[in-house]
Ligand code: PLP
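Before any questions on how it binds or moves, here is one chain, the form predicted on its own, in structure tokens.
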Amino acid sequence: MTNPFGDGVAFIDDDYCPVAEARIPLLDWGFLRSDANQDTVTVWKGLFFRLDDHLDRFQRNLDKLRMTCPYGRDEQREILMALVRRLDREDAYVQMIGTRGRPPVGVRDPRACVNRYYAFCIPYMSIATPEARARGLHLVVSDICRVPPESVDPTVKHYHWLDFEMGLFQAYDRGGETVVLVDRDGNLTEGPGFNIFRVRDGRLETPAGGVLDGMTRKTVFELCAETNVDCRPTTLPAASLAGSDEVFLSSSAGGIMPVTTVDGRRVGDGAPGPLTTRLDKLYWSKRAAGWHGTPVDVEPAAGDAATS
């Protein structure tokens, strides 16, 4: 029998449905105003990666946005488990979302909104194709300024992506595959769904401010500490990428991904660098071995709605 959730499954209004059928209310401020928070956790070989860290960050950011979740932490955990069970794949991409919801008609006070929770699960996806990972991505540095942290906290995983989207159009127009934005002083920040690192003289550097506190970024710091690699957050002018020995991106959607051209110019010798390759292999081998892993529960918890 064909799995009705094989292409993806969503959780909305206390029930599960195929992701293609998922709908949210048109008047939800999460849609109308981008007034939302999300967190994305991945599953690899049947193991959630850093599940508790993701749940912690999701709650931390709900608190920053003055939202409440209608489900407790254990309930959220079970919802995510149930989504993966229904997808019935070892590798998955799972997103939990909190939105402002909507207030009564005619009311514009956000305190009157009833906050909402949604979640979905689809087969695992990566920013880079296997071919791009093998040769390295072509990156463009945009002159578009990332939404400044004084306006929107970048550590809140939000949906303010118009700057990224316009930056991507610039990148495609210039023959690139993805983009990184700068701050108002011309320093590197982040790209759509990833943090950026550069290697210079054996030292690893990444932007210190104006960026999401990415889980894979955090993992890179841990891997570097474990392998005695000097890795530090710092201010990185956009021009600094030109003198890099290696450049890579970090994201839950792909792990550690090499960059081999920046603005059409070759990085290093034009191939994925040795440190990038070593960290990437270590990342995936440790994940496969269960590092920071939480197994997907085979049996549903009490109260989990039956698959229909």
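Predicted, not measured: the structure shown is a model, and the values here were computed from it. We number the residues from 1 along the sequence you see.
Form predicted together with pyridoxal-5'-phosphate (PLP): not shown, discussed below.
Only one segment in the set 97-105, 75-83, 229-237, 160-168 has residues whose heavy atoms sit within 4.5 Å of pyridoxal-5'-phosphate (PLP) in the model of the complex; it is 160-168.
This chain lacks the partner; the member of N195, N115, S142, T178 within 4.5 angstroms of pyridoxal-5'-phosphate (PLP) in the model of the complex by a non-hydrogen atom is N195.
Taking a 4.5 Å heavy atom cutoff to pyridoxal-5'-phosphate (PLP) in the model of the complex, the contact residue among M215, L188, A119, L137 is M215. Of the heavy atoms in S250, some are within 4.5 Å of pyridoxal-5'-phosphate (PLP) in the model of the complex. The partner is not shown here, and in the model of the complex the stretch 254-273 never reaches within 4.5 angstroms of pyridoxal-5'-phosphate (PLP) through any heavy atom.
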